[in-house]
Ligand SMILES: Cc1cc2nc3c(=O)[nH]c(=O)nc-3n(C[C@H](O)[C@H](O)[C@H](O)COP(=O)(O)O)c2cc1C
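The form predicted alone is given below as one chain in structure tokens.
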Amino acid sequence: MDTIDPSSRQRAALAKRYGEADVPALGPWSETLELLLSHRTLRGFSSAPLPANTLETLVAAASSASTSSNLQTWSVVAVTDHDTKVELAKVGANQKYIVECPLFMVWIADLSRNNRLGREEGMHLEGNDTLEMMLMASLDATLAAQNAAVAAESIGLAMCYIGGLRNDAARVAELLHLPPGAFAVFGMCVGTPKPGAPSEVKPRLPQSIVLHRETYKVGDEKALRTLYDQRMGVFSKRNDMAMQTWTQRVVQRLAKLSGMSGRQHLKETLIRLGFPLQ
């Protein structure tokens, strides 16, 4: 029987996420909250097959996510074929865990279904051509995927999001035979953790930076960010990661368009993929 006081477990979970110096006030607690705070991205999967019907279970969790106006403007493509995963990995900066994971889920912002519905009903759905609907579909796909991610972790599996698919959205659409009006927002590796694969809860920005009460207040952001940089430096060293502060990472990624790895052309690609973005 677990005899650890719940408040001690809560504080320990919060300390892993924020660091000992930035543990927020303790509030309500549950096993679900403990699971959420224990999330860590895994970049190493074993070859063990998933339990039977895992995919259907994850999609059921995804379907239970909120969706704007119940339009359900998302789809998911489950990829298990080795050769297809190899090609997707080439798009996603050659991340090897795309290939080694037993299940790679590609989450789709899907307005093509609405387009087909409109044609079948004998009308053009003008609202489907707007930037708002593109945003809605991307949000729907993201909410669905996060439900699936939590579901996967709740049954002992690990996952890793792959935003690198947006490096060449047209190539992904070609590989997966996506119809016009369908766009791969990101991928998700799902599998059993590989023994010994690095896996530690990564520190996040303190709540004093991201939580605003009533109105947005910048406050002492620079000093707080400096402390977070120090914490991330310790984390990176402990996990044999590149010695780079969070601030340096943001600057490196965004200072020049070349740091976007092709995603700076995403608007033009989306238009070619059947998103007018009016």
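Residue positions are given as counts along the sequence shown, with the first one as 1. It should be emphasised that the depicted structure is a prediction, and the values quoted were computed from it without experimental measurement.
What comes next is about the form predicted together with the named molecule, which is not displayed.
K.L.:
Quick one: from His39, Lys217, Lys237, Lys222, grab the residue that has a heavy atom within 4.5 Å of the named molecule in the predicted bound form.
P.N.:
If I apply the 4.5 Å criterion carefully, the residue I get is His39.
K.L.:
Val76, Leu178, Ala148, Cys160: which sits within 4.5 Å of the named molecule in the predicted bound form by any heavy atom?
P.N.:
The residue from Val76, Leu178, Ala148, Cys160 that makes the contact is Cys160.
K.L.:
Can you tell me which of 132-140, 80-88, 199-207, 113-121 lies within 4.5 Å of the named molecule in the predicted bound form, counting heavy atoms only?
P.N.:
Heavy-atom contact with the partner occurs in 199-207.
K.L.:
Please run the contact check for Gly191 against the named molecule in the predicted bound form: heavy atoms, 4.5 angstroms, yes or no?
P.N.:
Gly191: no contact with the named molecule in the predicted bound form.
K.L.:
Would Gln72 sit within 4.5 Å of the named molecule in the predicted bound form, counting heavy atoms only?
P.N.:
Heavy-atom contact with the named molecule at 4.5 Å: absent for Gln72.
K.L.:
Flag Arg231 as yes or no: does it have a non-hydrogen atom within 4.5 angstroms of any non-hydrogen atom of the named molecule in the predicted bound form?
P.N.:
Contact with the named molecule, no.
K.L.:
With the partner left out here, which residues of 92-108 have a non-hydrogen atom within 4.5 Å of the named molecule in the predicted bound form?
P.N.:
Residues within 4.5 Å: Gln95, Tyr97.
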